[in-house]
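Here you get one chain, nothing else, as structure tokens; it is the form predicted alone.
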């Protein structure tokens, strides 16, 4: 049971004893800690329904609550708000029961939900750049949050590995290496290691993409290569596989730096055959309608908040569209994982597309019983609120962005801000963890719908709403317990000092913070919670001596430190922060 649950039960019992059985207690933490820890607003709602004076209802319930020694004070404010101040002794004694478990009082509600999380989603043969960070970062945090909440989650990185970009790359390689056997329709054996590297591919793609804007012949050849690839041309399939293998190997190195590891790597290519099958079946049963040469699914206006454009399944030349691939992927996931929900971490520019796909999936009965969510996010940009660019004006590779954050942390170490006493090797390892965590926390601390502004100098500071501040505080907790010793999980906490009381109340709010973040798919709620928890701990650390306190006080404060570390580390793990041993 959480503290909030306990307060709600006591409030409900008091309302019933006062003669108002069935009233909603509407209990929540108080916005006015000077007059109460919790507030009950239920008298207003109950009085409105029963046509009674809310103040009379509140006064009667308050009289019952005053009989409970659990509360140090009970007061009624305004039209009928009941303010509750918990007795210090009662607050401290609850700590082992509520905070002594590994989940700090949090318990999943109901049966586990089966979820497929679609996040990451880069394109093959293109470099991972700064704009790829939000999908992976947010998706990983929500995945970890859902798993902490008891759900069964499969994380899938759905690659852009099919379609015209692959045709562009085939033609770009053909022009540079025309004698390779991939382009011989009769060839059956192909090089195990091609003469180009992943870096070569990354250079080739933007050039080829720019070229099709002015070279109609090159565009036509790329389209034909795409068609032949999709129809099974042996050489093109072998070349495509090498594109894919090279790109995935490179991507995994970058994602590993970020601590992001997908359960499954798939792509549009895996949906192609099924998309063709669905299109054929839908043409046969009349689901698809012919419209200006394309085959579409007209969407039912009554099923949406607003009328949506139709979903194009086959374009005017009979080609499978992105929407068709997405629908086929939904069908595959429904068959393979039997999920309750499929969640997408996709930027806001794709919101309309996904709404169309979700409505089409529901309308066609493609995945019965499956619901769909998309937590759209804003753009990622630098301190000037413009997209990250390299010095020559190109898109900033994600590894370069990470290196920039790591170097900023290293500079702070060299200046003596942090890391004093560490060896060079230790500094390098700590800088990597802190720099990566700084980027990740900066992308999670604000509402995901807003643009993420990454001012590298600010986000690597060891104070304020930053990842390094959270990490430094956690390392401080560990250092206290290492130097002074740990307390048992059954040790009660004392509330002799206001800082102890404030920290303990924040800890009791941990289950509520997790549940709110989970219900809203909102990692920023947990990021904000752990920042405030760190603030409360640092105030406690400053005002409440531990090592030099008397034995009973020392044990109680060690227990409070231990409980705080458990909660802070849990949030850090959910957010994917990398906590060093020293800092």
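Remember, predicted model here, so these are calculated numbers, not experimental data. Residue numbers count along the first chain shown, from 1.
In what follows, reference is made to the form predicted together with a small molecule, a form of this protein that is not presented.
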Checklist outcome for this item: Only one of 346 to 354, 210 to 218, 104 to 112, 396 to 404 has residues with a heavy atom within 4.5 Å of the small molecule in the predicted bound form, and that stretch is 346 to 354
Checklist entry - Taking the shortest heavy atom distance, is residue 158 within 4.5 Å of the small molecule in the predicted bound form? => result yes
Checklist entry - Using 4.5 Å between non-hydrogen atoms, is residue 337 touching the small molecule in the predicted bound form? => result no
Item to check | residue 140: touches the small molecule in the predicted bound form, heavy atom cutoff 4.5 angstroms | outcome: no
Next on the checklist: Even though the partner isn't displayed, in the predicted bound form is residue 326 close enough to the small molecule, meaning a heavy atom within 4.5 Å?
Outcome noted: yes
Checklist outcome for this item: Interface check vs the small molecule in the predicted bound form: of 419, 121, 378, 163, the one with a heavy atom inside 4.5 Å is 121
Next on the checklist: To verify the annotation, which of these, 322, 282, 255, 196, has a non-hydrogen atom within 4.5 Å of the small molecule in the predicted bound form?
Outcome noted: 322
